[in-house]
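One chain comes next, on its own, written out as structure tokens in the form predicted alone.
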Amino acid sequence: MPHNIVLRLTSYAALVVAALLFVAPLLFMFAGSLKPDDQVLLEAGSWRAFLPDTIAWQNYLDVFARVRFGRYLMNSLFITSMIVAAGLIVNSLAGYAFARLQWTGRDILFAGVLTIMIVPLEAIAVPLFYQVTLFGWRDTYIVQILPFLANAFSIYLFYTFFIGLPRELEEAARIDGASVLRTFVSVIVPNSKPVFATVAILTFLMQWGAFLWPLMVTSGEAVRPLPLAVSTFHSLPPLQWGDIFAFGVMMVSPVLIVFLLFQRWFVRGVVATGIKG
């Protein structure tokens, strides 16, 4: 057998094994959500754990009966959607300004943006918490949205994509009398769908699972997102793993849907922006 065929088969086998390792927890959680509660962990050590003998949709009904799941879901959808939508506008405009426009202090400010990329939220959480408390924003939607609209990593992704676009596109629009903003909206944005999809997916993934900041700034159920709800649900007596797995499935499903809808653009964006991972 030729050496290149053996190498290719070995690579495919390694990829299949890696894919199974990533997918197995999701399959186990989905199968467990369909089992009666007393059978969820009964066969956890064998392959039968991934195949429910009987399907119990009651676990999903129990979630809605035990907690205000609909409220938590709407909170997460609203908060994450606002961060993604408004963040795309703010960060794309910033990335375009750094990549294409000439203005005093641009390079220094961009260096500052790159520096912010290495600063974790935990490092600024306490002073940020003190600031929003002074503003009276605690236990609101705005405190969970506003601090995350501008994102240094998203700005960098837009910058690296815009810097690679042909300048002839903009020059043609300028000759036709288009302003900078009109050029951005009519020329740059339509040719930048991959990076917009990439930033949207990465932002959605990061914000959908946010836990620390919502835990610090919210105290009631009215504006709390799903990650806080599942931590509370896990501690509610009685401990029912079928219900917990059902909660997890419903929490993960929006992320999978978003990725499936935008995966083609996401792959193109990863290639175009040079993300390695």
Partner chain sequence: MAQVQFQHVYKTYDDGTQALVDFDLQVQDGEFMVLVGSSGCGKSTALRLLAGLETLTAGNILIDDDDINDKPPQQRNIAMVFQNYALYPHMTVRQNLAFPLKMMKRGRADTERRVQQAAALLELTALLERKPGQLSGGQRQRVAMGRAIVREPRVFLMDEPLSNLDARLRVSIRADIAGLQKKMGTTTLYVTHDQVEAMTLGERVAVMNEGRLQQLGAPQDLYEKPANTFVAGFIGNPGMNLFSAQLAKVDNRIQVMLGDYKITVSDTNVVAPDTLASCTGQDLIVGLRPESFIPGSGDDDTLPARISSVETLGHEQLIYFTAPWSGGKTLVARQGSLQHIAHHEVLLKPDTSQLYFFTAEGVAIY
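Residue numbers count along the first chain shown, from 1. These numbers come from a predicted model, not from an experiment.
Omitted from view is the form predicted in complex with the partner chain, to which the following refers.
Asker: Is P190 close to the partner chain in the predicted bound form, meaning a heavy atom pair under 4.5 Å apart or at it?
Answerer: Judged by the heavy-atom cut-off of 4.5 Å, P190 is in contact with the partner chain in the predicted bound form.
Asker: Can you tell me whether E168 touches the partner chain? I mean in the predicted bound form, with a 4.5 angstroms heavy atom cut-off.
Answerer: Contact check for E168: yes, within 4.5 Å of the partner chain in the predicted bound form.
Asker: Against the partner chain in the predicted bound form, would S186 count as a contact residue? Criterion: heavy atoms within 4.5 Å.
Answerer: Taking the distances in the predicted bound form, the answer for S186 is yes, it comes within 4.5 Å of the partner chain.
Asker: With the partner left out here, check for me: in the predicted bound form, does some heavy atom of E122 sit within 4.5 Å of the partner chain?
Answerer: Because no heavy atom of E122 falls inside 4.5 Å of the partner chain in the predicted bound form, the answer is no.
Asker: Name the stretch, out of 203-211, 138-146, 172-180, 109-117, where some heavy atom lies within 4.5 Å of the partner chain in the predicted bound form.
Answerer: Only one stretch qualifies here: 172-180.
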